[in-house]
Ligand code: ATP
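Read the single chain below, which is given as structure tokens and is the form predicted on its own.
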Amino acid sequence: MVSKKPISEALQNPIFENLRKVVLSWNKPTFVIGGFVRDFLLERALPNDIDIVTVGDGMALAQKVADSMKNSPQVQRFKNFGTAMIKTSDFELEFVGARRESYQKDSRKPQISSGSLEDDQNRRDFTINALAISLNDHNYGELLDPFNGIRDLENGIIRTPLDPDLTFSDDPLRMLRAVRFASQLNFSIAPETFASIQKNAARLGIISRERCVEELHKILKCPKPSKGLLLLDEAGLLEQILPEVTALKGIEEIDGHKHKDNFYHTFEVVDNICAHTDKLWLRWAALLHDIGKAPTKKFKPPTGWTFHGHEFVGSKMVYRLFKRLKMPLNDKMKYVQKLVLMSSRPIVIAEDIVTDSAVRRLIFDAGDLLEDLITLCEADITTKNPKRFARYHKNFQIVRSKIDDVEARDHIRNFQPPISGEFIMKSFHLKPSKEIGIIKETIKEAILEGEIPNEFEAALALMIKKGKALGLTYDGETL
């Protein structure tokens, strides 16, 4: 629904009154354009970045605006893009001179020349982003809508201002942006626009992986990312970015045995998890949790389809995927890897009799990721059978309760051995050696299996016993 408020209400912030005064002395056509205008009309939370387009030198206008403001904020200039930015406590103002753009076939970097507002609106990606509000004295607050962007806002349509083939061939990133806006705004892409995306999908190859990932991040941050992910797939874009995910497509049947379609299941899991977390990298873990199933799928009569080791294989694939897409190979990647690796562990516990030792090992192995792991596994429940759905969720409630009980008693979450390697060395007069590791591992396993409590005295007794078995002499003076 498009706002019925007067468009002038978009300019209520004092920052616009200051802009109006500067533009009056600047005496060149100047406008607010793009996302700020669109989101005001949609009554969405207004972005803190405001795009200002002017006929003439945008960087010069930015300097005049900065000089007029208290404390004269610094102007950041981006000469390669012909833009300048001023950051205030409330807004980021980005200034650009109105321009024409022309593109070479093998690059999305345009050749730029000065132009009019009409030229600048022509180069915009979508009609809903070409809307502009005048900051000029003679028509201050007037909306300029040359491509019926208001109509497309009312109808929930993503459409290009000009020929979509030209728009997408010039800058193929706009194809991802079309899908992203459709996902964010819950809009549809106009048929002719979507057909052009499908036609030009191969052009995505000239776009840097980093820019593609930025758009994927924004899609994954939507309340229901499956809308955008499915559009990417239908357009032929997803296989170029995430072939590991598209490889999950399809259902095979042999001798009456068939498996679920892990492609659509994955998107259900992503949507499910988005109802419970805003964590971007947890959403990535949901998207990638089953990617190991494509390379591990086998049919074994009479059992049927198996995916043995898919979690391990998938975790290795996460590294290669992050590297290929130039995503951070740091703690974020390791976080996703570990969640993919452990993604079936709580499910196994939930389906079997829940023993204390199994829960201890889950707590120990998951560490600080335990809560996120359980959240992922609960999101992984996509059965359409109401009784199974209820039973699986009930099982996870039991697992959560058991985790709380075991953790309160045994303090495994941030497990620190009751006896250190240094203490073992002093107790048996050892230098660094394999015996120290053997004793430490024996104590850790005994605690996790519930054979001894997580306490010093019990661990000491086991240390002495294991040391003697290894032929070591205990020095009781250590205490």
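The shown structure was predicted, so the numbers you read here are calculated from the model rather than taken from an experiment. Numbering starts at 1 and follows the sequence shown.
Beyond the structure shown, there is the form predicted together with adenosine-5'-triphosphate (ATP), which is absent from this document and is the topic of what follows.
Quiz item: adenosine-5'-triphosphate (ATP) in the predicted bound form: within 4.5 Å of a heavy atom of each of D125, D171 and R180?
Solution: All of them do, each having a heavy atom within 4.5 Å of the partner.
Quiz prompt | Contact flag, G34 vs adenosine-5'-triphosphate (ATP) in the predicted bound form, heavy atom cut 4.5 Å | solution = The answer is yes: G34 has a heavy atom within 4.5 Å of adenosine-5'-triphosphate (ATP).
Quiz prompt | Non-hydrogen atom contact K199 with adenosine-5'-triphosphate (ATP) in the predicted bound form at 4.5 angstroms | solution = No, K199 is distant from the partner.
Practice problem: Evaluate D57 for contact with adenosine-5'-triphosphate (ATP) in the predicted bound form, applying a 4.5 angstroms cut-off between non-hydrogen atoms, and reply yes or no. | Solution: Residue-level check for D57: no, no contact with adenosine-5'-triphosphate (ATP).
Quiz prompt | Heavy atom of T375 within 4.5 Å of adenosine-5'-triphosphate (ATP) in the predicted bound form | solution = T375: no, not in contact with adenosine-5'-triphosphate (ATP) in the predicted bound form.
Exercise. Taking 4.5 Å between heavy atoms as the contact cutoff, choose which of K279, K218, K332, R100 touches adenosine-5'-triphosphate (ATP) in the predicted bound form.
Key: Of K279, K218, K332, R100, the residue with a heavy atom within 4.5 Å of adenosine-5'-triphosphate (ATP) in the predicted bound form is K218.
Exercise. Would you mind picking the one in S315, N129, T160, N262 that has a heavy atom within 4.5 Å of adenosine-5'-triphosphate (ATP) in the predicted bound form?
Key: It is N129.
Self-check item: Segment that reaches adenosine-5'-triphosphate (ATP) in the predicted bound form - one of 449 to 457, 412 to 420, 35 to 43, 426 to 434, heavy atoms within 4.5 Å
Solution: Contact-bearing stretch, as computed: 35 to 43.
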